[in-house]
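Only one chain is shown below, in structure tokens, and it's the form predicted on its own.
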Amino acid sequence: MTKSPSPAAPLLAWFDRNKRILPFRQNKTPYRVWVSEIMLQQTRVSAALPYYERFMAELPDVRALADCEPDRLAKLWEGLGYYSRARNLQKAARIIVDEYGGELPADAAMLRKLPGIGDYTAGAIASLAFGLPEPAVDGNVLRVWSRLSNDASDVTLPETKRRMTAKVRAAQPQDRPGDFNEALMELGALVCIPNGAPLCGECPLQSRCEGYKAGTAPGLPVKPAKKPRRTEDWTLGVVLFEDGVLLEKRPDTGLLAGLWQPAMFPGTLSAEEIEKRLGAQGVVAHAERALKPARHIFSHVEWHMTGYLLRAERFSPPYEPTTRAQLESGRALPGAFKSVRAVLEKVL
């Protein structure tokens, strides 16, 4: 592979002309950078923006995040997915308050010790918020760099990431490390795009790109084939009681930890079967109608859900009656149950 000249100057010139105006790029405090970077993990910018703005309006600093009621925090995150991100944000916020006086440490190694902060996020906070010369290498950057250097190594391998991170560090200008990191990410989002041919005609690094010269850029980066998702069948019981719905809280660990859900049983059950299952839990309820089948895709599992709308005569824990007001203010019903939310908006 031929060594290319440093991409810093043309990339930064392009970034200065073309960067998107985004709320987390305004008033760039360490806290705002941190929250935005966590939200943007596994989430498109367009999807994250309204969440970010609501989150900042209600929790404007580290201490507010540390003090937030967990159910309210989950509600602010509702629908954004990957809820462990929110839990780790709060765990880290409490450490920052207790050990760092409410201010994020201006040191990448110390940042990496906080819950939910890995190499990429530590590098992003250190460079964007504190101006430190730290690389921030995510999927966008790995894709750009593999094409730029015509590197067909598997980018999911730690060795490949370490090598490319070293190259990014070497190319990073000392006077604008954060802008350089952000420019690489922006180039990956707008020009050197995933899931299709890169827009090489719009790229400021075209003349320096070894992948473009070799005609290999569209096939990079190299990743192993994804394993097929397993599927699970579930039956939901949307059980109405007086002016509310019966919900239960999921376990504190695992998928959708600590969030609320309707009654949920493995398999595809009949109306009579779900009435019987509920009865065994102390809930006397009668099915009124079937719900439309629904599906939700997580990263490694796909839920296929059928269900019933039921009316309860009596109930017992673990189910709790939940009014529409409670659903709107403090009990997060995750996106996996958006079909249930649509039903509740009509019946509550």
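This one's a predicted model, so the numbers in the text were calculated from it and none came from an experiment. Counting begins at 1, following the sequence as shown.
Heads up, the form predicted together with adenine isn't pictured, but that's what we're talking about next.
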{"property": "Any non-hydrogen atom of residue 48 within 4.5 angstroms of adenine in the predicted bound form", "result": "no"}
{"property": "Residue contact check: residue 17 to adenine in the predicted bound form, 4.5 Å heavy atom", "result": "no"}
{"property": "Partner contact for residue 120 in the predicted bound form: adenine, 4.5 angstroms, heavy atom", "result": "yes"}
{"property": "Heavy atom of residue 324 within 4.5 Å of adenine in the predicted bound form", "result": "no"}
{"property": "Residue stretch of 82 to 90, 151 to 159, 225 to 233, 184 to 192 approaching adenine in the predicted bound form, non-hydrogen atom distance within 4.5 Å", "result": "184 to 192"}
{"property": "Proximity to adenine in the predicted bound form, single hit among 142, 246, 128, 74 (heavy atom within 4.5 Å)", "result": "128"}
{"property": "Partner-contacting position among 283, 40, 309, 66 - heavy atom within 4.5 Å of adenine in the predicted bound form", "result": "40"}
{"property": "Adenine in the predicted bound form - contacting residues of 12 to 27, heavy atom within 4.5 Å", "result": "20, 24, 25"}
